[in-house]
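Okay, so here's just one chain, in structure tokens, the form predicted alone.
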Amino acid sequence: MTGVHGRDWRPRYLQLAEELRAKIMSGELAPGTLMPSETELADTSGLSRTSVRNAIRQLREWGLVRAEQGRGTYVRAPRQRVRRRNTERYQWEKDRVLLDEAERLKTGAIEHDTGLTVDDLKFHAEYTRVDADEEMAAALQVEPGTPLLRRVYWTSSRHENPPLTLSYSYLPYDLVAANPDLLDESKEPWPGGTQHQLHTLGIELDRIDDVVRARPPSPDEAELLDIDPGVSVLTVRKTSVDTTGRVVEVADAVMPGDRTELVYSHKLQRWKT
């Protein structure tokens, strides 16, 4: 350790955390390495055990280390990251709708976000019929109690157990029931995704509205996504509107905040000269 400097504006625990992060990112502390004990880090950094503990907690929140009960803290192997470019992603999905099935089978949205191939991924889908509660009825612009098709998806890399993303999708049941295949979860993953499913009903999307939030994960989400204490999830509420102005789907994507990037690019108009 080079020591923590009192003249640095950053809190001392954060200085230590960032020094350790640099060693992890450079490979000096390789995946699977047992981290130095709190006592060792306190001695080499000149910090209190409390500050050292806060530094290790920060590393956990960054997803760089994991604590094993009774064994110590270890450097994590790099986790698969998701880089979601929503401004181009949705048009990419729409353009694929008109391709033939062979082309649509080659790749999907998760592959687009991760750089993985279809063979690298494991898909899970669960379909249930539910009644719209007040919140979802307002989002879909239907009456409370309207039957909905609720779809829960998650996708994992074959090299990691935790899902990369978790998604809850809601569509008016009577709308999708016009094509019985859309009620069958065994048809997933559907070549071309939701936009192609809607296309089989004669629906073309006009726009998709996103609302992004950060929040603590629920206990179930933390367990399923393998999220360490202190790590938030990012949620994207996606509202799909067809060319008649009708809301046809509302979906909530839930993503681990320590390994997800949401990228937005906005073209600006030039000044008139």
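Residues carry their position along the shown sequence, with the first being 1. Predicted model, so just to flag it, every value in this text is computed and none were measured.
Not pictured, yet referred to below: the form predicted in complex with a further copy of the same chain.
Within this chain, Thr44 is remote from the site of a further copy of the same chain in the predicted bound form, having no heavy atom within 4.5 Å.
In the predicted bound form, a further copy of the same chain lies within 4.5 Å of some heavy atom of Ile208. Although the partner is absent here, Gln80 is not a contact residue: none of its heavy atoms lies within 4.5 angstroms of a further copy of the same chain in the predicted bound form. Although the partner is absent here, Trp154 sits far enough away that none of its heavy atoms falls within 4.5 Å of a further copy of the same chain in the predicted bound form. When you look in the predicted bound form, the only residue of Leu183, Leu98, Ala138, Ala178 with a non-hydrogen atom within 4.5 Å of a further copy of the same chain is Leu98. The partner is not drawn, yet in the predicted bound form one stretch among 158-166, 67-75, 185-193, 86-94 has residues with heavy atoms inside 4.5 Å of a further copy of the same chain: 86-94. Contacts to a further copy of the same chain in the predicted bound form (heavy atom within 4.5 Å) from stretch 209-231: Asp209, Asp210, Val211, Val212, Arg213, Ala214, Arg215, Pro216, Pro217, Ser218, Pro219, Asp220, Gly230.
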